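What follows is a single chain, given as structure tokens, in the form predicted on its own.
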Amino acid sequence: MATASILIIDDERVVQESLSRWFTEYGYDVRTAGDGRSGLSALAERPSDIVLLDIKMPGMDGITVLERIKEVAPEVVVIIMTAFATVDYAVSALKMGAWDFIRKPFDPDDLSRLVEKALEHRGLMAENVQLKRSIEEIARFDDVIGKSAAMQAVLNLVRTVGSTDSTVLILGESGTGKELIARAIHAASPRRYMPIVPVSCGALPDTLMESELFGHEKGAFTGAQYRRKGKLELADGGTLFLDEVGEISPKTQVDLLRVLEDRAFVRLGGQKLTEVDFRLVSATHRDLEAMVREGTFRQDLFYRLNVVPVRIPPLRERREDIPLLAEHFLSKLSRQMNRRFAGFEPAAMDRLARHDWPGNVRELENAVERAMVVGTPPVIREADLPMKAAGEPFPVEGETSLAAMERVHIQRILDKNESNVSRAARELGIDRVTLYNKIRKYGLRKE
């Protein structure tokens, strides 16, 4: 039988040392930590059967530590150690999933008997714990659908890099599911005890990006009526996900590079240096190497971000996944919309499989949803689908002029870029003013 392991989390050194000696003599595998964050790190590195957790500690208190443990490893048995004055906190901890609590000062024999009972309880729950672990492992990749060789290679890389702390750059066109991959990497990492904090770089102007990342002190600028933590601080101990990192300005590139080098920052309007420990996962649909050559993206920052690149193939390069994805969306949306469709007629599925999907998985999901709205159960028919099959001409209201084709092409690029005029203009090779003029000229929609 394997030796039972105990992790003692207490800020008092004398408590750590005395309990460590006591339980080591009884044959337990004992580790200690002096604060909540160190305890979570130790637990992430190697699981323990029992956690003896002090509820009153500076920094991250025992309640927060308990919450983190129960989110990720509910099978770990937590025993709260508390002074008489904090019994109310201990009762709250029991409601949050602690197995029991003991008051300080306590007799080591009493604590030993409590630990023995806890191990008996854990043994009875072992089968259920193993089942739950299996379910969690499946759930990590539940939304990443794909049986193609290309997607299986991506998932294998996610599993491999997930267990490390390496910086990851996810590359792929808009709509390929880059954020899903980022969340899968986080879920497969030891940092899953802490949050993943997403930042949408393309949605924020440069004036707001600095405050979003670094936070601000009260009075730092007009309207700053209170102190606000930034995304960097919120991601401390966890994962920072920078979506569309290719959109950040040159100034923000410099600021981000400094944080990556120093692992510290200062809030806007502040003076205190705040240290942070986070894993960085970034994503972009842009060619950062080309931007480096053009001088619009810093080469040193690119090297920092591109430690482990993960390329998500566009849907047109993995057509064998289209039926699987379509059925997945049909099942999910049927529950959400309460419209029961059994599947797709063969002609409809064939059309889905032959379409090029410039908007990738997001466009496919939207197409399935639209078909479910206009269609009639029990199946989706070809006429319900919103797009033409690959190779068929696009409708231009009976026109064949160059202007008409331009209107259709611009609308497709706007749809592909989710009506982001800046990105669409870059892809079209024109400036934003020209694109706005053409949008007004052709009466194009920006959904």
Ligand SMILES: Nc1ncnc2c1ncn2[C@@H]1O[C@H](COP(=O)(O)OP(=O)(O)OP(=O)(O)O)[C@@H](O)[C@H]1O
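Predicted model only: the values in this text are computed from it and were never measured. For every residue, the number given is its place in the sequence shown, counted from 1.
Keep in mind that the form predicted in complex with this ligand is not shown, yet the notes after this line are about it.
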Partner contact for Gly175 in the predicted bound form: this ligand, 4.5 angstroms, heavy atom: yes
4.5 Å heavy atom contact, Ala371 and this ligand in the predicted bound form: no
4.5 Å heavy atom contact, Phe297 to this ligand in the predicted bound form: no
Arg304: touches this ligand in the predicted bound form, heavy atom cutoff 4.5 angstroms: no
Sole residue of Leu157, Val76, Leu114, Ile145 within 4.5 Å of this ligand in the predicted bound form, by heavy atom: Ile145
Proximity to this ligand in the predicted bound form, single hit among Ile248, Ala98, Val361, Met194 (heavy atom within 4.5 Å): Val361
Listed range touching this ligand, judged in the predicted bound form by heavy atoms within 4.5 Å, from 262-270, 341-349, 321-329, 226-234: 321-329
